[in-house]
Structure formats: C-alpha cells, structure tokens
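A lone chain, given as structure tokens: the form predicted alone.
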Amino acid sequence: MRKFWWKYLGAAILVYVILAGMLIPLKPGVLEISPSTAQAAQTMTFTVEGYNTNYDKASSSIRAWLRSDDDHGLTASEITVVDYNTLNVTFNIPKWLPYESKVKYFSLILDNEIDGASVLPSAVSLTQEVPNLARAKALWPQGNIKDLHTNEVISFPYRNILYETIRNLYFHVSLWLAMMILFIVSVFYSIKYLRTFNKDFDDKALALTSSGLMFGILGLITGSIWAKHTWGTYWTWQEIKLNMTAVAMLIYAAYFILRSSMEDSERKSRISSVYNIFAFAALIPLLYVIPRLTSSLHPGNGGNPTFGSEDLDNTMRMVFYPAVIGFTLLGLWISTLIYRIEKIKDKLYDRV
C-alpha cells in the first residue's frame, strides 16, 4: 500500500474536489432588475431579483444605490421586501446626471447585514434631456456608499453570466493544466529516449501523451458545455481559443496515427519522439500566444483577464489547486496502466 500512496491521495483529493466543488454555495448576488431603462427627473420603482439572498430576514438593514463610474451614488428612497429574493426599490432620479452624455449606464449596489454587498454592473440605463454637470454633482453625492457588509459564510463568488457554471472551473481548467503537466513529462521522456535510445523511455512518453490527450479532449467537452450555458452555443468558429485548441488536439492525435503507420519498432520510437517534441513546441503558441493577440470571449485572451478576483477568490483556490493536483495524479495513474499494457504487448510480441 505504501508503494501506491499517491494513487490513494489522488483519489481522495478528487472526492474532496467533487464534494466541495458541488456543495459549497455561491455568494448572494443580483440576477436582474426590471425595468432596465429610466428617464431623469422622475420617481422610478424597480423590481430586483436576487440569488441566494435573504431579503425577508434582513429587511431592516437593506440599502440600495445607483452608482456611476466615478463613485457618485444615488440612495434609494424606499425599499419594499416582496420575498426572500425579490425587492421593489424606488429611486428619485434627479433631473441631471453626473455626465455630459445624455445616456449612461448605472450599476446597482445592494447591501444588508446577512447577505453582504452585491453588485449588478450596468444595471440601469438612465437618459437625461439636457446635461448639466455642475448641478448634477450636488445631486449625486460622492462617498455616500460606505460601511458595506461582508458575507462571512464560506461561499464561491457570484458572477453574472456564469452563475452556477463557475464550478466548471474545477474540471475544465484543472483538466487542461493536468494535461499540460502530462505533456511536459512526456516530452522529458522523449528527449531521454533520443539521448539513450532506451525503448522504456518511449513507452513512458507514449503513456503520458495518451492520458494527456484524453484530458485535453475532456477539457474540450467541458469547455463546450460551459460555452453553451454562457455563450449560447457549444462552438463558435469566431472564437480563436477554441479553434487553436482544436488544432492542437489534432496535432497530438496525429502522433498516434504516425506511430501506427510504422512497423519497425526502433524507427517508430525515434520518429515519434521527435514529433512529440514538435507537438509540444506547437502547443505553446497555439494555446497561449496566438489567442492573446486577438479579442476573445474566453478569459485570458485579448485583455480579458483570467483568474481574476471575481472568478477565482481564496475560497475557490481551496478547491481549484487540489483539483489540479488530483487530476494530475489521476493522469499519472492512467499513464502507468497504459505503460504496463505496452510492456505486456512487448513481451507477447517477443514470444511470438
């Protein structure tokens, strides 16, 4: 049992990832506000729908603001609790907005002592007839949004658009990182083979590349499912990250086609090792360079940051990093099985 401790560790970590990743709730947030447009110089009541909220239990402490980009905030004149996740919020909208433009989006900020503070960016579009910045500043006081509460319950960040699918981070992204680790180790063994021509190193490279490609395909599948729930489609050819990923997986798939096309064992190992190094060298620009040079919906590309504080806070790190370790150990475990199968094949062929 001591010899296989890392396998049991990997299994235990993945059990923890699945349980914690699926059971820890999201922080309270704001789903939507209706209507989403209003005119200046009128009193407007908005219906606000929350998520994982406790408005009925915290009715006495609920506060709301319409916030502009420069921290000028308009305090709600009246707040009525409908139920645990629905509010009617009334604002006396001044005649002038703190902007020179006639139309501007404002964020909604809600706060109470149980749920803490939550924000709906660009929640309401306000329109004014004639801008008057000087008068507007007095009507939109600065610094009145303060003493916000924090939610002390262990929870994952609430992210508009992502909602519950943010949990896929523990599977989609972790699978990709585990894939990269497996590919790196496989390249290491391919280099060792080219230096020593020891077939054992080529068998290990083959096993690691096999499990790495499997994780890459699983990463594509989980990413497509995530895209369906957030972008509305499983695949879009306008998304550079998806296209480059597909190309990278095809390059690695060709590795196995190349191996199966040759009968001579030594020639197969030598050419496959060279190709494996080439495939990994192509993987880096395809996944991490080219997508960053263009605009993209995918986080991490074209100025769209990945692992930001809203997507990956300390609570999520408690699950995300173990997920990477767990999937990497699982990949190594699968690789050992493939390696042993190759060794059995070699012995059978030798007997024949």
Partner chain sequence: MSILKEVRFLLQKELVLEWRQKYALSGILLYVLSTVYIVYAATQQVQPHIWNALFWIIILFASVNAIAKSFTQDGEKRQLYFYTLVNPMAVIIAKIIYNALLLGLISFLTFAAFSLVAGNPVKIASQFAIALFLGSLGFSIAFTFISSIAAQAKNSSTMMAIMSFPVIIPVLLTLIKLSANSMRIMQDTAIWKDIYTLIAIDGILIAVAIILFPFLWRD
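Note that this is a predicted model, so its numbers are computed, not measured. Positions refer to the first chain, counted from 1.
This protein has a second form, the form predicted together with its partner chain, left out of what is shown; the following refers to that one.
Contact annotation for M180: none of its heavy atoms lies within 4.5 Å of its partner chain in the predicted bound form.
Using a 4.5 angstroms threshold between heavy atoms, M316 stays clear of its partner chain in the predicted bound form. With a 4.5 Å cutoff on heavy atoms, K104 does not count as touching its partner chain in the predicted bound form; it lies far away. Remark: R270 counts among the residues lining its partner chain in the predicted bound form, judged by a heavy atom distance of 4.5 Å or less. Only one of N198, S77, S261, T233 comes within 4.5 Å of its partner chain in the predicted bound form through a heavy atom, and that residue is S261. Site annotation in the predicted bound form: the residue of L162, V153, I277, I221 reaching within 4.5 Å of its partner chain with a heavy atom is I277. Partner contacts here mean any heavy atom within 4.5 Å of its partner chain in the predicted bound form, and among 277-285, 119-127, 87-95, 134-142 they occur only in 277-285. In this stretch, 31-47, not one residue has a heavy atom within 4.5 Å of its partner chain in the predicted bound form; the partner itself is omitted from this view.
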